[in-house]
Ligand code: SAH
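Presented as structure tokens, the chain that follows is alone, the form predicted alone.
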Amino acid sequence: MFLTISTTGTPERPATDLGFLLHKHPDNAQIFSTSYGTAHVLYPEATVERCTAALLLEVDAVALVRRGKGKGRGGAPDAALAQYVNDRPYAASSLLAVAIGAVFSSAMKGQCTARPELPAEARPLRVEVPALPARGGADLVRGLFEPLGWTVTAEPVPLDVRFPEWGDSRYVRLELASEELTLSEALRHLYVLLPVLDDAKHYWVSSDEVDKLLRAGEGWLPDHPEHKLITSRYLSRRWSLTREALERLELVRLAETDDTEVEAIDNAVDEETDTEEKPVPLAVLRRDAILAALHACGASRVLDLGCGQGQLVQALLKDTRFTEIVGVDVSMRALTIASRRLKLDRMGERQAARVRLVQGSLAYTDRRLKGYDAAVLSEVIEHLDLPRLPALEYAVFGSARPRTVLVTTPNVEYNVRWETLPAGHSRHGDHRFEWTREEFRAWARTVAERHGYDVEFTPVGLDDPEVGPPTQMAAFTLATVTATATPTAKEEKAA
């Protein structure tokens, strides 16, 4: 199996930076042992103007049979010699993907200790794979790589050049070119899509493959038009694993587009004005407004209630003024994704001491949530059925009682400004309700009066003179002198 990665450069930005990114020196030919053979990394060319790294994998057919599924597609041989006579030593497959993950692991993660600025830089890249099995043909190859920003050349390999009438084989010669991707992105694309195109794996697919897929697919797989096919094939069509992976991908997609696709579409630059500066996404404006409010109240110990996949927790961690951050969510899957987003397993001891992720329902009182400076409910309340709101209200304002509570929620009046949102539809399929400004303020004032808080309201996003802002925020501050808030019988029962 053979794969090359090439880049071009200038004296100011030499192509040999590829060696730093891959953690493999261009002057050395290096050898790595794998479970199924030997991987070689070498550089056919390494100049300032052009640098090419080659990965050659020598497959041990006997080791493949003894240690894994070496019996051909699905593990069932077509003949007695199928275990030993197959395309594994020659055609790119899951074997090559595993070698990429093992030999270029740091590059896949976007790590470069010597030159930490390099991994984030997009650069001209060219990838060549001489023999790639493609169950689905060249059209599928293009359908998988082109949405990711690659220019694709997939030339079918004839069954026999001497007999053109026999037609083409299921193999293609693949060339990928891009000016817009980082090396980390390129390697993660290859790691996932090579075995997908082969539609077979040389090892047993277990539940940890879901985590591998989501790690490698972070940032591109949830929105890929063929994400269902990719997921199914990568997980060897094991339905239980495929369903789990698709559910987790949907969580990622929804978290990143919590105001639905209409916001992304409407925020896109129109063809007539594509030279204008792109507007700041509403999700970013919302996080900035929350951070500003937390700074204003002097909070240092903060709860993110309904933290989802950790976007706000990640932003809080970047600010050293917040000494303790606790993310709470009812979904363990969301917390698992948040943990990976935050890289908790690789976080330094001092940084890790500042953050915790805990599972919990906001409909129940929880002693772990008491004593904090501030709590944030960002785009949370609209996901609850209205009869459950009193329980959340008492759990947060009556039991936990942080000094400051920030609540953001969509302003339904603004929905008429989303050109792509049909009339009468919510911004998100899981929204149980969306309030007008007056409805939200009436609820917030009632909560504040009942539990001894003062409340102020802040628009988030463009404050339209007719329909108001897209997001509305209420900042509750515990009054200096308050009477003990006594829960009603209905609240106690709900909590």
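Model, not experiment: these values are computed from the prediction. Start at 1 with the first residue shown and count on from there.
Only in words, not in the display: the form predicted in complex with the ligand, which the text now covers.
Among heavy atoms of residue 351, none comes within 4.5 Å of the ligand in the model of the complex. With a 4.5 Å cutoff on heavy atoms, residue 401 does not count as touching the ligand in the model of the complex; it lies far away.
The ligand is not shown here, but in the model of the complex it comes within 4.5 Å of a heavy atom of residue 360. The ligand in the model of the complex comes within 4.5 Å of no heavy atom belonging to residue 199.
Judged against the ligand in the model of the complex with a 4.5 angstroms heavy atom cut-off, the residues 133, 154 and 193 are out of contact without exception. Checking 302-310, 142-150, 168-176, 183-191 against the ligand in the model of the complex, the stretch whose residues place heavy atoms within 4.5 Å of it is 302-310. In summary, among the residues 126, 383, 238, 340, the only one with a non-hydrogen atom within 4.5 Å of the ligand in the model of the complex is 383. Note on the partner interface in the model of the complex: the residue among 122, 284, 297, 330 having a heavy atom within 4.5 angstroms of the ligand is 330. Look at residue 218 and residue 332: in the model of the complex their Cα atoms come 3 Å or more closer than in this form. Panel note: the distance between the CA atoms of residue 359 and residue 218 is smaller in the model of the complex than in this form, the difference being 3 Å or more.
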